[in-house]
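Take a look at this single chain, the form predicted on its own, given in structure tokens.
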Amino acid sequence: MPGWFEGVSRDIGAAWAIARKDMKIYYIKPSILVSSLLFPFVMFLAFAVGREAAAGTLIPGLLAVTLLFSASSIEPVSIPIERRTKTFDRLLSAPISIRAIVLGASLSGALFASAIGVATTVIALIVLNAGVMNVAALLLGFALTSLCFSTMGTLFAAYRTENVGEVMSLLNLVRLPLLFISGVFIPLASMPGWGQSIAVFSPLTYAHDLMLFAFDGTTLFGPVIDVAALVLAIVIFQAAGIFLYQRSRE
């Protein structure tokens, strides 16, 4: 048991060091911060123009999309760049576990996306004069959704290439369809049966449902199922990432 605890502590320490490094190099830059804050409001215009809907139903979709793109966008860029400069090879050869590398890369994106989500929510609530019914559900939704999609971005970055465009093209083949099958643009109740069947496999479906519950109390699956589905997606993405990055080390 002491050895197991020491190993977990070492992994957490290494993951936090990797996360801090990535945030300092790739995230905490004026251009990234400004573009990340502007993106949600451009998306909001796409949501709001021509739609007669309450803020409590618009803001959850806005936040779900914001967290999806904010959390999953940086690692698919940073890791191919680090492969090109050989710094990622040095990280793989360091005496730390692959678990720590995957967790650290995912944690940096999750923290950044959560911060963007909080800032977006505060501004949207002020501008739209809306309110939050369940703050705990909202914060939990931020944390789980951000970690889920940052891990997904880290997973796609496992593709062995130094070309950022190749990774982003693969990632967008998944991200863009998620927008249309997850109830963000089209309510699940309005989808055909086959669309609803596909939607249950999308983490964004449960992220959006949890956000809806936080803002107006409506939910299709219930917050417990939403949380469980997001946790399951995180575990699957982390496990797949560990497997693929382990192959890169061998």
Partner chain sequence: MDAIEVIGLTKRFGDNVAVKGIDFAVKMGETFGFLGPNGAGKTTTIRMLTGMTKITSGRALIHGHDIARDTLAAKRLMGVVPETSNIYDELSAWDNLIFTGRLYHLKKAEIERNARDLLDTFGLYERCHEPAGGFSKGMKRRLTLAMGLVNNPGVLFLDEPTSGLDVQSRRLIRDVVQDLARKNVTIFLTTHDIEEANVSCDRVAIINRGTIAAIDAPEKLKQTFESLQSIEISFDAVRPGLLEALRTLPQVNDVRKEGDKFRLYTADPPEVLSSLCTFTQEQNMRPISVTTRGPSLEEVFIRLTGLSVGTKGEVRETDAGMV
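Residue numbers count along the first chain shown, from 1. Being a predicted model, the structure only gives us computed values, none of them experimental.
What follows is about the form predicted together with its partner chain, which we do not show.
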query: Of Ile96, Met168, Ala119, Leu125, which residue is found within 4.5 angstroms of its partner chain in the predicted complex when only non-hydrogen atoms are counted?
result: Ile96
Contact of Ile25 with its partner chain in the predicted complex (heavy atom, 4.5 Å): yes
message: I'd like to know whether Leu232 contacts its partner chain in the predicted complex, with contact meaning heavy atoms within 4.5 angstroms.
response: no
message: Please determine whether Leu91 contacts its partner chain in the predicted complex, using a 4.5 Å cut-off between heavy atoms.
response: yes
message: Although the partner isn't part of this model, could you tell me whether Asn163 comes within 4.5 Å of its partner chain in the predicted complex, counting any heavy atom of the residue?
response: no
message: At 4.5 Å between heavy atoms, only one of the stretches 135-143, 79-87, 107-115, 169-177 reaches its partner chain in the predicted complex; which one is it?
response: 79-87
